[in-house]
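What follows is one chain in structure tokens, specifically the form predicted alone.
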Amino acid sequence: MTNLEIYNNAFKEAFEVDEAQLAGLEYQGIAAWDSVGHMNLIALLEDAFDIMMDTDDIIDLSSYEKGKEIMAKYEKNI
């Protein structure tokens, strides 16, 4: 499985969306991406990639696209 597939799966599981809905997805853009959903996403990403994200990165992860940039900091090119 590629890093992109792992990343996408975390979003799909956290927010119960399909692949077509990922592009442009933003924090509070859908009901499921509230503060609790956000922390669920973070937990899924940390588990899937075996990383521990910095607090600033957790706060900054405000969209599907921004998350890709943040993951690069952890040497997880998406």
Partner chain sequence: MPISSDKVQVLCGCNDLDAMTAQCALPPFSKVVCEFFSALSAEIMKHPEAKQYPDVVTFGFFCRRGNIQRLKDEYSDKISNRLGRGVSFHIAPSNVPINFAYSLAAALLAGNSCIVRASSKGFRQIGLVCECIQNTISLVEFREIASRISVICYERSREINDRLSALADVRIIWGGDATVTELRSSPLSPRAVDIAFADRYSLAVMDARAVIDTADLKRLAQDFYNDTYLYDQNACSSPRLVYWLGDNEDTASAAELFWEAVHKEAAARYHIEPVVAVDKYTEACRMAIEHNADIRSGKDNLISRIVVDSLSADLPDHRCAGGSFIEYHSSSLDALKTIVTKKYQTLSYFGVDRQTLMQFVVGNGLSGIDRIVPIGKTADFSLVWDGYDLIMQMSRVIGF
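Numbering follows the first chain given and starts at 1. Computed from a predicted structure; not experimentally measured.
There is another form of this protein, the form predicted in complex with its partner chain, and it is not shown here; the text below is about that form.
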In the model of the complex, residue 48 touching its partner chain (heavy atom, 4.5 Å): no
Residue 56: touches its partner chain in the model of the complex, heavy atom cutoff 4.5 angstroms: no
Contact of residue 42 with its partner chain in the model of the complex (heavy atom, 4.5 Å): yes
is_contact(residue 69, its partner chain) in the model of the complex, heavy atom dist at most 4.5 Å: no
